[in-house]
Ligand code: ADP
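The chain that follows stands alone, in the form predicted alone, written as structure tokens.
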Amino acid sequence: MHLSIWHEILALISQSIDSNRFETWFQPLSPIDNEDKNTLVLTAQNKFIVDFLDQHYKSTILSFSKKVLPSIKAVKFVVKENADNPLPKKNYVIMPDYNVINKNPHSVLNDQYTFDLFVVGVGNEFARSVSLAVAENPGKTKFNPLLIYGGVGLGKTHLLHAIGNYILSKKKKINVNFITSEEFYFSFIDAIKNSSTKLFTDCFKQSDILLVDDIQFLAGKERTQEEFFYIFNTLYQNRKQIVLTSDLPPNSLKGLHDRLVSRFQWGLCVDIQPPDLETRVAILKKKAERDNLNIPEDILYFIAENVTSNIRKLEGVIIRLLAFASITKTDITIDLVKNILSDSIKKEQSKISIDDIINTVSGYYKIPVDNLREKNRSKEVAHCRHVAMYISKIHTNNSLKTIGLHFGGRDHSTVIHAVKQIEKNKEKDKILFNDINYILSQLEK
């Protein structure tokens, strides 16, 4: 890209962004030439800035870039020292020359999602080991298909990319297709519109390895599921590797065809659980080391103790903290963490109301809210009520009496019984464990 074009883009951005943010994040960027003329590649000073821009300002830059140069379809950030060789070829998935598919930028694997950069803990050790086994021998293990499931931001997507990156690092001429189920759906809609469904299907049937993220998005999409079913069968019969991710185990996925769900269970289904304290600290230390960030250890421990839900939020805290410190030119202290990240730490749990919990739980189990408050003792209603009581006790600061009042005036002993029962059962009932994690992820959105 010619420098003058980038200056035009910067001029537009400066009109809509305050001067401090513009000077901090946008002005230091520089464009570099690359083979893909439809992608704007920008260099930044360090990995932290690259991550921050990618998370917060990528769409902004893309929007203004299109106004100046409509041919730009994507924006990519690289660290300045790698400017002469922005991204190695191995990071690009080999895709057929198919216009409907290539409209979406899903043919690129994230080079930061590797096995080496995946922090292993008790909750994800098995999932990581199985994923590596698949990457080392795709299509030749009993783990086909491999389905990795768990709550939001726990590392499912990281492992999916890591498998693809590992395979491409070992075998240059191999057809690895990575796509989210959302992109699969919209690409299929485009294929129908363009009367090119056969090309669409053939594209995926030629895969040596098919990686599909968030398969639950296909729920309720009948024709898309049917198309995916035939692709799945062809690949499986040809001993090609299939790896899927989902927020829930197959038997809890609603809105998917039974025959599709049964095929997901032909290989291995493995879950990822929320990281324990030690793993959370290790994740933060790894990110700090990778980005050359100097963050006091007591602050890392404070963040790890108070942000417990998922890895994505954990790393997001670091990015927000450093962004604030960079813009305001202040030191990173515990008080700063408490002041600007209050929405990410435990004291904010009290802001989740019992009514929010009741509505979310009843929606998940598809049981009317009124049934939870009435003297309905059916097994399904009682279970739903107990889960809602348990979450209300663990994730709000309300008293047992207050919680009981929200459930039709029940006394504190009923709440205690419900909490103890759920605590006992969730340790041995993996479905219940995953139900609770999913409900919590919905409440935190």
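Just so you know, these numbers come straight off a predicted model, no measurement behind them. All residue numbers refer to positions in the sequence shown, first residue = 1.
There is another form of the same protein, the form predicted in complex with the ligand; it is not shown, and what comes next is about it.
Asker: Could you work out which of 134, 311, 318, 242 is the residue within 4.5 angstroms of the ligand in the predicted bound form, going by heavy atoms?
Answerer: Among 134, 311, 318, 242, a heavy atom within 4.5 Å of the ligand in the predicted bound form occurs only for 311.
Asker: Please pick, from 119, 78, 72, 300, the one residue with any non-hydrogen atom lying within 4.5 angstroms of the ligand in the predicted bound form.
Answerer: Answer to the contact question: 119.
Asker: Quick one: which of 330-338, 257-265, 146-154, 172-180 gets within 4.5 Å of the ligand in the predicted bound form, going by heavy atoms?
Answerer: Heavy-atom contact with the partner occurs in 146-154.
Asker: Any chance residue 124 has a heavy atom within 4.5 Å of the ligand in the predicted bound form?
Answerer: Although the ligand is absent here, residue 124 would touch it in the predicted bound form, with heavy atoms inside 4.5 Å.
Asker: Would you please decide whether residue 280 lies within 4.5 angstroms of the ligand in the predicted bound form, comparing each non-hydrogen atom pair?
Answerer: Although the ligand is absent here, residue 280 would stay clear of it in the predicted bound form, with no heavy atoms inside 4.5 Å.
Asker: Report yes if any heavy atom of residue 229 sits within 4.5 Å of a heavy atom of the ligand in the predicted bound form; otherwise report no.
Answerer: Residue 229 lies outside the contact set for the ligand.
Asker: Answer with yes or no whether residue 364 is in contact with the ligand in the predicted bound form, where contact means some heavy atom within 4.5 Å.
Answerer: No, residue 364 is distant from the partner.
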